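Given as structure tokens, the chain that follows is alone and in the form predicted alone.
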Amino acid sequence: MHRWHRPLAVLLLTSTAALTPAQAAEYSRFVADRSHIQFAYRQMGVPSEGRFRKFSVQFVFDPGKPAASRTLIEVDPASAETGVKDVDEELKKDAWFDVRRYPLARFESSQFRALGGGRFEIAGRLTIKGRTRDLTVPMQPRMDGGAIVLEGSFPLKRLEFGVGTGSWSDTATVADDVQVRFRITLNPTS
């Protein structure tokens, strides 16, 4: 009996399907056109959304050996897109992402941990505008053909990162809370 059958059955059940032992492999080939990073926020009390069009992902995920998994995600904040041209241009300015001085936001993992029920948790450090904070990100993988799709969301406080300074720091105008949602699709390592 293979030693990973029992933990694999427990750790990798998802709401849609369980990963079978044959699917327990290392995944590292990023599929950009099947991945996204989005954000949701409130402006003047009105729910609003956006996305980052440009980001790079270095990800190695082994559902059978989560401790061996790792990731580095870099986001181009100048690629933030809300569907409102004036807002998109404002986000590039010094008070928001200050893209001239800080051309990349970055998340680097320090630990992956299985939570059970097919859920995982990634601990790491998030850096935006030169400010770094510890972050724990929940994640749920699911199989999609031969690829694995890693999905999750997490809250952050924009003011902790200096995003929206000066008059924009008024949380009655733009809420401090931002919800980030992601989908990272990986093909098996060759």
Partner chain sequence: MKTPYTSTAIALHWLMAVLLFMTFPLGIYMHDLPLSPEKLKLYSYHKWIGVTIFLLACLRMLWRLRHPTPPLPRSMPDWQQKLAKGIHHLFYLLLFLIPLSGWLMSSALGVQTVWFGLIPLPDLVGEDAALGEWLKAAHKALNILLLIGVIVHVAAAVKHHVVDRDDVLARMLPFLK
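This structure is a prediction, so every number in the text was calculated from the model and none was measured. Residue numbers count along the first chain shown, from 1.
Below, we turn to the form predicted in complex with the partner chain, even though it does not appear here.
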Answer range among 66-74, 129-137, 148-156, 41-49 for contact with the partner chain, defined in the model of the complex as heavy atoms within 4.5 Å: 41-49
Heavy atom of each of 167, 170 and 174 within 4.5 Å of the partner chain in the model of the complex: yes
115, 104, 95, 84 - the one with a heavy atom within 4.5 Å of the partner chain in the model of the complex: 84
